[in-house]
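Shown next as structure tokens: one chain only, the form predicted alone.
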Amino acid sequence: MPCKFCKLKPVITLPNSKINLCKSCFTRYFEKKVLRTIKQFSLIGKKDHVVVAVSGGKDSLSCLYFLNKLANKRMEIKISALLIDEGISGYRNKTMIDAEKFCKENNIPFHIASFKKEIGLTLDEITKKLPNTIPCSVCGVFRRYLLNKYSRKLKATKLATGHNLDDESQSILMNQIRNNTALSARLGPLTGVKRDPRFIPRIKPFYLLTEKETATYAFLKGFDIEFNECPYNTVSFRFEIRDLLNNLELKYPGTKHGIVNSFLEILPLFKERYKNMEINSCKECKEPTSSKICTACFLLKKLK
């Protein structure tokens, strides 16, 4: 069937609604939806310095491209890019080149923080030292730690990520299975339960867009990227949840939208429940944590 609005050849059938759209109509739909998300959840304000967490993949570069486009229209918004080099052989070195090239072409300040420099070990080396630990769990801890630390160094007011509706539905279900409502309270388009100057607020402009829509946007924009996945991805809990949700989505279209939309209705209750949660300073590194010692420092002790 042709595009719903202009009758041209479609490039995508939208998940959930089954509407066909051509290239120009889809691009307009995609960008309008991001703008609505930003406005609905008050993700970006005047004079914000938004640091975008980039990996060189489709989601993060699409997010960086759109926010830079927005900043060029609204001069009071400043955009920078921050890449975390975990030290994954044969994977991160290629995406770093793609990210740096993209930033250079678009005149975006580009910064790198590496596991090797900050922690003393690459992720590949960490997995050898901790063979019984799931790599994604370790990686997630150190990535979040460095993203917050370096965003603060760059004097960011917001930290944007390319997380989409698929990512959020996975996180919601993972937390439900693990009975981790405290972690669920930190989710949403604007993460966190309470504001603290030590934590840079994280925003997800693509929150209501699916992975398929984001991939299509990146492809149509002609971004010079490879659609490769991290080699450690297949051994993670998230990978299993992703496959489960994808199978459910095939049988019951709208499953992911349903999970996220219903979660947004109860999210204020979670935030209210944990609003008085104490935020301490880690005894080792002084970074913010809910415990006496942050998870990053706890892992570092294990590695030593």
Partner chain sequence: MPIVTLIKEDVTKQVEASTLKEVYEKLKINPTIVICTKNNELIIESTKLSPKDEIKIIPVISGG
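Positions refer to the first chain, counted from 1. The model shown is predicted, which means the values in this text are computed figures rather than measured ones.
One more form of this protein, predicted in complex with the partner chain, exists but is not displayed; see below.
Engineer: With a cut-off of 4.5 Å between heavy atoms, is K292 one of the residues that contacts the partner chain in the predicted complex?
Structural biologist: Contact check for K292: no, nothing within 4.5 Å of the partner chain in the predicted complex.
Engineer: At the 4.5 Å heavy atom threshold, is P10 in contact with the partner chain in the predicted complex?
Structural biologist: Heavy-atom contact with the partner chain at 4.5 Å: present for P10.
Engineer: Can you check whether K204 is within 4.5 Å of the partner chain in the predicted complex, heavy atom basis?
Structural biologist: So K204 does not count as contacting the partner chain.
Engineer: In the predicted complex, is there a heavy atom of the partner chain that lies within 4.5 Å of any heavy atom of L220, even though the partner is absent here?
Structural biologist: Yes, L220 lies within 4.5 Å of the partner chain in the predicted complex.
Engineer: Would all three of K212, C230 and N233 be in contact with the partner chain in the predicted complex, where contact means some heavy atom lies within 4.5 Å?
Structural biologist: Yes.
Engineer: Would you kindly say which of F110, F199, Y91, Y150 lies with a heavy atom within 4.5 Å of the partner chain in the predicted complex?
Structural biologist: Only one listed residue qualifies here, and that residue is Y91.
Engineer: Counting any heavy atom within 4.5 Å as contact, can you tell me which stretch out of 265-273, 46-54, 62-70, 244-252 lines the partner chain in the predicted complex?
Structural biologist: Checking each option against the 4.5 Å cut-off leaves 244-252.
Engineer: For the stretch 28-44, which residues lie within 4.5 Å of the partner chain in the predicted complex by non-hydrogen atom distance?
Structural biologist: The stretch does not touch the partner at all.
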